[in-house]
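The chain below stands alone, shown as structure tokens; this is the form predicted alone.
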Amino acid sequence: MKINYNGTTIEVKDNLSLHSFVTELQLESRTIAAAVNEEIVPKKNWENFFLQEGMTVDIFNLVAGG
């Protein structure tokens, strides 16, 4: 299936959880946040949040400071 990831359309396997997607990208989950269709998905929900065709996924690096 196709999703939009950080502005690029990519192909991913069906029934892919947000947690598995982040893991496959080899991203450090403790330093990122994820939004799907412009809504932040809490990390505690990533394992049970499954991506669907046409969704927009944005991954952000968290930065400390002010």
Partner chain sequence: MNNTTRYARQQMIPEYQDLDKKLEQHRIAIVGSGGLGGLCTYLLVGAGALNINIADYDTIDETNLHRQILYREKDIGETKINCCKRELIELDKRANIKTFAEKITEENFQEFTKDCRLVLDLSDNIETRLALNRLCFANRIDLIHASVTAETALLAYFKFSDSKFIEEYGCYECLAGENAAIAKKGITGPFASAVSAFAANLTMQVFTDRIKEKIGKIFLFDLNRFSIRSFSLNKSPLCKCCGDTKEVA
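Source: prediction; values computed, not measured. Positions refer to the first chain, counted from 1.
This protein has a second form, the form predicted in complex with the partner chain, left out of what is shown; the following refers to that one.
Enquirer: Let me test this: is every residue among Leu18, Phe21 and Gly54 within 4.5 Å of the partner chain in the predicted complex, going by heavy atom positions?
Expert: Not one of the three qualifies.
Enquirer: Lys13: heavy atom within 4.5 Å of the partner chain in the predicted complex?
Expert: No, Lys13 sits far enough from the partner chain in the predicted complex that none of its heavy atoms falls within 4.5 Å.
Enquirer: Quick one: does Ile40 come within 4.5 Å of the partner chain in the predicted complex, counting heavy atoms only?
Expert: It does: once the partner chain is placed as it appears in the predicted complex, Ile40 has a heavy atom within 4.5 Å of it.
Enquirer: Indicate whether the partner chain has at least one heavy atom within 4.5 Å of a heavy atom of Gln26 in the predicted complex.
Expert: Residue-level check for Gln26: no, no contact with the partner chain.
Enquirer: Within 39-65, which residues have a heavy atom closer than or equal to 4.5 Å from the partner chain in the predicted complex?
Expert: The stretch touches the partner through Glu39, Ile40, Pro42, Lys43, Lys44, Asn45, Asp58, Phe60, Asn61, Leu62, Val63, Ala64, Gly65.
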